[in-house]
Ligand code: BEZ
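Next comes just one chain, in structure tokens: the form predicted on its own.
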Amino acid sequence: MTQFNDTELTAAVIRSFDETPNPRVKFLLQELVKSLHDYVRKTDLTFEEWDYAIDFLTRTGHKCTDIRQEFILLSDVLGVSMLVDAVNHRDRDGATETTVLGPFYVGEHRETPHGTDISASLPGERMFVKSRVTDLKGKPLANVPVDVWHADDDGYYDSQKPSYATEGPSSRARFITDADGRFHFRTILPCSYPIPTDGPVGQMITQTNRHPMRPAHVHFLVNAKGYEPLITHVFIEGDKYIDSDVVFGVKDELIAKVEKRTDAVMPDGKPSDGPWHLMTYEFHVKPGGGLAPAPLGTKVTEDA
């Protein structure tokens, strides 16, 4: 009967994938085995710890729904999402910096006219966002779909609320850039907020004495034909969590100074009802290809 010690076992498992038809899948699986086995050896992992890890992953899976992805959240707080982002976007060549998609992108955003208040039914300080999409040389790009989404004044995304299924989206929309590459909209000033702490990922953060907070930001997904999809945030300068984002998503270039204004008229010529905030940001996209993220819950399969 064949017997293995702790190092021979690793070699045997790696060899078991030698006939994998897809070379990339073979490489990924064999490297995964090496890393997992090295972790077990380095930590002298106990049966109790391994059982806890299996239970944690099981509970993480049970927390996932069509509008909540606990595994993405786990990847985010472990810094894996930002690491994957970093290795895939090493050379920006002047393009806007990328950051994590986050677990609350649901896809299929509704196309909305410029100037729409996407948070009209929500309380909060009013904000006007004006933006532009260009190529790396500053040429404006027209007819580009830009998805935007952010949390409300209480720190919740629309998809976290029971009303989402019946009332539909809020603080979430798709705009199409005009001939000069511009788009603008009204909303509320986002605030810093905690990641969900009612699941296993939030419990892990709490139990390890890490704070669960994300600095205030607006998500943008710019999907210009012939260019790499751009997934990013624009963060609000001065937020107290700007240097300690729980998902490690902040980059200096993505921090915007948001001005408080008292003008009676907003930039689109329409009156304001009181003080408001102005966010401006210009996105630069890089030639290339690739697909924008699929809506949450879409199943992607690939034969090994």
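Just so it is clear, the structure is predicted and the values come from calculations on it, not from any experiment. The first residue of the shown sequence is 1; numbering continues from there.
FYI, the form predicted in complex with the named molecule isn't displayed, but the following is about it.
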property: Partner-contacting position among 145, 181, 102, 199 - heavy atom within 4.5 Å of the named molecule in the predicted complex; result: 102
property: Listed residue that, although the named molecule is not shown, lies within 4.5 Å of it in the predicted complex (heavy atoms), from 130, 126, 219, 109; result: 219
property: Triplet 175, 231 and 284 all within 4.5 Å of the named molecule in the predicted complex via a heavy atom; result: no
property: is_contact(residue 227, the named molecule) in the predicted complex, heavy atom dist at most 4.5 Å; result: no
property: Contact test in the predicted complex: residue 193 vs the named molecule, heavy atoms, 4.5 Å; result: yes
property: Any non-hydrogen atom of residue 247 within 4.5 angstroms of the named molecule in the predicted complex; result: yes
property: 4.5 angstroms heavy atom contact with the named molecule in the predicted complex for residue 73; result: yes
property: Partner-facing stretch of 87-95, 161-169, 211-219, 181-189, counted where any non-hydrogen atom is within 4.5 angstroms of the named molecule in the predicted complex; result: 211-219
property: Partner contacts for 145-173, taking the named molecule in the predicted complex and a 4.5 Å heavy atom cut-off; result: 157
